[in-house]
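Presented as C-alpha cells, the chain that follows is alone, the form predicted alone.
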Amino acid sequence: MNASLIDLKTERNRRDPNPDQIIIAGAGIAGLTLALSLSAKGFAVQIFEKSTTLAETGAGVQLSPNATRILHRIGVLDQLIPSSVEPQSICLADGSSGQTLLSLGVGDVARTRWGAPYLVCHRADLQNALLDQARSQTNIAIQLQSAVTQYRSDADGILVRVQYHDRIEEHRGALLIGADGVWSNMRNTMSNMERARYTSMIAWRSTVATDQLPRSFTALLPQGTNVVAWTGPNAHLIAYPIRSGEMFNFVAVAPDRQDGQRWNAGTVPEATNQNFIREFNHWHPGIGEIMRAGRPWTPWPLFEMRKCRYRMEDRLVLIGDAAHAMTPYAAQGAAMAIEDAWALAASLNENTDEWPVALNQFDKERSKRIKAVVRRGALNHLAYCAKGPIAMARNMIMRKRPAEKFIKGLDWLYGYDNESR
C-alpha cells in the first residue's frame, strides 16, 4: 500500500482520542471476535466496517468445539445457544443409495472429550451474538460506512486513513488488524502478496423450512438430529438444521459448469439453477426432491490461498480469510477465524516492545495450524467426491473402521486450545 500518500506533517499537530487503541478493519466474525478478545484484556478497540449495516451473508455455519470454547470465553456462547442446534452425530452417506456409511457421535462426546459443544447455526445468529456483546463493551467502538484505505507505521504506532461515506479522516493506533475477508484491501493492495485463487468449484446454498421438507428426503435422514454429508462423483451435499431446528440449511458443492463465467453472490436465473441441479440427477430420488425444493439456490464461488500469511509489517496483521482463505471441506472456516482472533489477542500484552517477537511467534504457530487444517480439508474433498473403485474402497473403510478411531483422529482439530499450549 502506498502509505506515503498520508501527510504525516499535518498529523503531528493533531491529537487522536486514543493513540494506544488497536484498529480493526472489518466487523465480520473474525473482527468482532478479536475485538471481544482484546477487550477482555483491557485494550481499547476501534472497528471500521465499510458496510452500511452488519448483516452476515450466507446461511448455516458449523462451530466445532475448538470454536465454541472461545465463544464461551468471550461471553457469546450462552446468547448463541438458544438459536443453535447441537447435533447428535456427524454422518457420511452415499448420495446414490442414500445409505449411511459412517456416524460419529458428537453430542455428549464433544462436551466430555473436547470440553465444549458442537453447534450448527445461522451465520446471522452468530454475527448478532458477537455484535450484541461487542456493543455492550465500553472499550469497543464500531464505525460503519468506513473503510481503511491507507496506513503508515512510524515510531509512535500506526496512522490510518479512513474513507467514510461523506469524508476522509485519519486515526492513530498501536496496531492495525486486517479482518476484511477474502478480498482484503489490507492484503490485496500490497504488490508482493498472492491473490485468492478461484478453485472452479461452487458452493450452492439454500434453506428450507423443516415442515416443508419432502418426505422422500426426510426418509433419508438418519434418526436423530445430525449433520449429514451425502457424497457422489464430483459433488457432495451437506444438510443440517438451524434456527432452533425450524429451518434446514443446505450446501451443495459442485464443479463450475459455466465455462469461466463471472459469478456474483446472489440469486441466479432459474435456468442456471436447473443446470446445477442436473449434477445430482443420478443421485437418490430423495436428494433430487430436495434439490428442486431448495430453489432458488445461491452460488458462492470457492476461493483459496496457497500461502497463509498473518504478519505483514511491524504494525499490520491479517486474520481470518484475509490471511488464509480456504475451501470449506473441513468445515473450519469460521472456526479458524475465531481461533485466529483469540490467539492474536493472547499474544499481546501491555508492553508494546515485546509485540514484534510475540507477533512472529503468532504467525509461525497459526500458519502451522492452518496448513494442517487445509490438508484435512483436501483429504475430505477426495473422500466426498471419490468415484469408481476409490469410492468402493472408501465405503468399505467407513463401514468397517470403528467409530472411536475416527473420533480419535479429530482430537487434534476439535481439542485444540491455544490457551493450554
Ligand SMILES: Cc1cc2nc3c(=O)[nH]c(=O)nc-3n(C[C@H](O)[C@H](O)[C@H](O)COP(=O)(O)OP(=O)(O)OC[C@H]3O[C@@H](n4cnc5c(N)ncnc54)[C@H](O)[C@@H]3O)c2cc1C
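From 1 onward, residues are counted along the sequence shown. The model shown is predicted, which means the values in this text are computed figures rather than measured ones.
Separately, the form predicted in complex with this ligand exists; it is not shown, and the next lines address it.
Asker: If the criterion is a non-hydrogen atom within 4.5 angstroms, does every one of P117, D125 and Y416 touch this ligand in the predicted bound form?
Answerer: No, the whole trio is out of contact, none within 4.5 Å by any heavy atom.
Asker: Given the stretches 344 to 352, 100 to 108, 164 to 172, 321 to 329, which is the single one in contact with this ligand in the predicted bound form, using a heavy atom cutoff of 4.5 Å?
Answerer: Looking at the partner contacts, the answer comes out as 321 to 329.
Asker: Does this ligand come within 4.5 Å of any heavy atom of R309 in the predicted bound form?
Answerer: Contact with this ligand, no.
Asker: Closest heavy atom of D180 to this ligand in the predicted bound form, within 4.5 Å or not?
Answerer: Within the cut-off, so yes.
Asker: Are any of the heavy atoms in P65 no more than 4.5 Å from a heavy atom of this ligand in the predicted bound form?
Answerer: The answer is no: P65 has no heavy atom within 4.5 Å of this ligand.
Asker: Would you please decide whether R394 lies within 4.5 angstroms of this ligand in the predicted bound form, comparing each non-hydrogen atom pair?
Answerer: No, R394 stays farther than 4.5 Å from this ligand in the predicted bound form.
Asker: Only one of L221, A196, A203, I158 has a non-hydrogen atom within 4.5 angstroms of this ligand in the predicted bound form; which is it?
Answerer: None of the others qualify; the residue that does is A203.
Asker: Which of V85, L316, A334, A93 has a heavy atom within 4.5 Å of this ligand in the predicted bound form?
Answerer: It is A334.
Asker: Just to make sure I understand: among 117 to 155, which residues lie within 4.5 Å of this ligand in the predicted bound form, judging by heavy atoms?
Answerer: Sequence-ordered list: R123, S146, A147, V148.
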